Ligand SMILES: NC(=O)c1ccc[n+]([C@@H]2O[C@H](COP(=O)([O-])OP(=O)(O)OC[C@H]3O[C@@H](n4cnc5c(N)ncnc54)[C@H](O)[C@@H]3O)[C@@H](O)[C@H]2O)c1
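The form predicted alone is given below as one chain in structure tokens.
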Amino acid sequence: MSTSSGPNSPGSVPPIDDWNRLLDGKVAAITGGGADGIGGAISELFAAHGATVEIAEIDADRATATVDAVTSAGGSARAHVVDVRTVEGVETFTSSVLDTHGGIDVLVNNVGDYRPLVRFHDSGPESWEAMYRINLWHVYAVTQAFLTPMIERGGGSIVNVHSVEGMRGFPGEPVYSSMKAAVAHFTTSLAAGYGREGIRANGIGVDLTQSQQVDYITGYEDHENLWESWAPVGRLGWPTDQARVALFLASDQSAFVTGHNIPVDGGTKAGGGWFFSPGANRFTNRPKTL
């Protein structure tokens, strides 16, 4: 399968040429914003729409690459090489951003991972804690650190990137999916509690999107014809697809939208989701054969 053309190439995302700069003058903090995936796409798109982007990223090379991409395109970005799974990492990131700007206008909690994958019958406190730290704890910690300064600044938008697996049953790893469900409900409850303070909060339930974490191409090069079965939109998702929804939720285009969790999944949640393959004796969301 080629990644440069065809229905499953990045170019399959329809171009949008007539948008105004939707985040001019805004400060946006993005966790995991240096990755070559959803976080990086959000950072670059936000900067292209005029935001000053502050990135938390655990990998120095990815952080540098994203900042370079933003600045070479004329945008403004700064990276903080930190681990937001830790108290120290959150404090370093949030205090540096607040010392520089006094507050923020947009927060994107993007960090998350299903790895290390430990099936529930083999799991225990150590793997549960790992899932908690990378998928839920930092969402609480980073949001809490920025919330009051955001309110004092006049309000803002919080976008929590989670997973469609938190919005449906996930047979593969119930601990992971329960963390994602917690992020989704935290989002809804945050919106209900702080809307009168000028805070909007919405979530994105990701699925079928090519990223460093989930490779939907390798091993499936000869099965492009099955995308019409796997996703109602008939194609693979790309980080740009997620970034555009995040931009909408971050901007005033969604000024009357709060408390919602939007599946950005090509229709998989609506269309069904997981299938059991007797031949492989496992569940899959991309059956080659049943």
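On a predicted model such as this, the values are computed, not experimentally measured, just so you know. Residue positions are given as counts along the sequence shown, with the first one as 1.
There is also a form predicted together with the ligand; it is not shown, and the following applies to it.
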property: Exercise: I58 in contact with the ligand in the predicted complex, heavy atom 4.5 Å; result: yes
property: S211: touches the ligand in the predicted complex, heavy atom cutoff 4.5 angstroms; result: yes
property: is_contact(D207, the ligand) in the predicted complex, heavy atom dist at most 4.5 Å; result: yes
property: Contact flag, G37 vs the ligand in the predicted complex, heavy atom cut 4.5 Å; result: yes
property: Interface stretch in the predicted complex with the ligand - options 193-201, 154-162, 95-103, 122-130, non-hydrogen atom within 4.5 Å; result: 154-162
property: Option touching the ligand, based on a heavy atom within 4.5 Å in the predicted complex, out of Y216, F186, F170, W137; result: Y216
property: The ligand in the predicted complex - contacting residues of 67-85, heavy atom within 4.5 Å; result: V82, D83, V84, R85
